[in-house]
Each structure stands twice: as C-alpha cells, then as structure tokens.
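The chain below stands alone, shown as structure tokens; this is the form predicted on its own.
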C-alpha cells in the first residue's frame, strides 16, 4: 500500500543494477545505484549519452524493473506489484513529461490534460475542473480549446506539464523536457518547474544540459551507469512570464 507520509521517501533505490545480455556476458546500464529522493525535492540526474540516465528513468517511472536490487516508490516495493497496480501507479502517482510532448493531435489542450483522469475513471465534470485548474497553473487556461498544432513548442510542453500534474501525483518525472525547445521556451519551462517545486512538488528531471540542471536543488551525476556525485545546490530562479 502506498505510504504518502512526508517521512517516507518518494523514491528509494537500493543497490540497483540493470544489465542486458550480450553474447555469453552482460552489459551493465546501471551499476549499483542507491538513491533516495524525499518529498518536495527537485533533483536533476545528469550525464552524457550512455551514462544510464534513461535506463534509470525507466526504472523510477515503473516502466522497467531492475535486474538486481530494490526500488520502493512511496514505500511500496515495485517488484511485488501486478500489471494492474503498476498501471494505476504510472497513471496517478507519477506525472510524466517527455521531450516530444506526446500530445494527441486531434484532442484539444483540455482533452489532452484530461486523459489520465479519464483512465482513472473520474467523472466528466470533476475531470474538466481538474484539467482546467492544471492549465491555469501553467498559464494556458485561455488556450484550453486549442489543438496542439495551434500551440508553440513551449506551449505544448506546458500542456504536457499540466497533464502530468492533473492527477496530483507524488512525483513529476521529466525526461529531457527542454530538448525540443528554444532558449526562451526552455527558460519559461524551467521557471514553471521552479514554481511547482516552490509549491512542494517532487520533481526528478533527466538532462544532459548543465544550465538546465542548475534549476534543480540537487544534482546527481551518472557516468557509465554509476553515481559519481550527489550534491545539493542553490537553484537558478527565473520569473515565469507565462503570457501564452
């Protein structure tokens, strides 16, 4: 059972290894990673291509299992869950933000934000209210009826963030969220993440960009699948300026 108490870590990885068979041997994508993320932290996981960032994100997002070691999300051992419980956790306890936005082209911004609430079985009036509130947080309530092709890249990513927070998840998991954005849109998105963090959201962000990682309050660096540093920092801040 999920334990949402403040003293229970959102993420607790213990000696996690992820390996893939190659011939008669194996390749280690993640090597003996132990990591705790507590409620309200904003953590950037950084590293070059091939450092294990994406594999670690898949594990923390309950999209894959470690080969060895343990992963607990809000106190629950993920390995012990069945497919239905895993799907429910991915839909309601983790809010995903991907580099490519992953919006459905024929759905409006509001309908895209409603999707996880539909899957959760929420009734239409309540899910519309929740989706509208999420769009207001990201500064796009006036764009609720717009299809994705009428939105800029930065606006599409903010819709994706609204979708991620609509279920009030324990964790926002962002994979290279600024990768498809220009400099201005990247700064606006990171200002939004800073705002969400200031309001107590737990965020884990995968990035290879140091200037993006600077917005986090803690930076975990990977190299060859292993953690080589884990440090707290004073995060960069910026004015949100969400004008649409």
Ligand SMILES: Nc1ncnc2c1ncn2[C@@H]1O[C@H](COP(=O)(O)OP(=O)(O)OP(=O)(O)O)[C@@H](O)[C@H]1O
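Everything numeric in this text was worked out from a predicted model, so none of it was measured. Positions refer to the first chain, counted from 1.
Form predicted in complex with the ligand: not shown, discussed below.
Next item on the list: Name the stretch, out of 65 to 73, 210 to 218, 41 to 49, 188 to 196, where some heavy atom lies within 4.5 Å of the ligand in the predicted complex.
Entry: Checking each option against the 4.5 Å cut-off leaves 41 to 49.
Item checked: the ligand contact at residue 201 in the predicted complex, heavy atom, 4.5 Å -> Outside the cut-off, so no.
Next item on the list: Determine whether any heavy atom of residue 55 comes within 4.5 Å of a heavy atom of the ligand in the predicted complex, and answer yes or no.
Entry: Yes, contact at 4.5 Å.
Notebook entry, point to check: For residue 205, is any heavy atom within 4.5 Å of the ligand in the predicted complex, or not?
Noted result: Residue 205 lies outside the contact set for the ligand.
Next item on the list: Answer with yes or no whether residue 29 is in contact with the ligand in the predicted complex, where contact means some heavy atom within 4.5 Å.
Entry: Within the cut-off, so yes.
Item checked: Stretch 121 to 140: residues contacting the ligand in the predicted complex, 4.5 Å heavy atom cut-off -> Going through 121 to 140 in order - heavy atoms within 4.5 Å of the ligand in the predicted complex - there are no hits.
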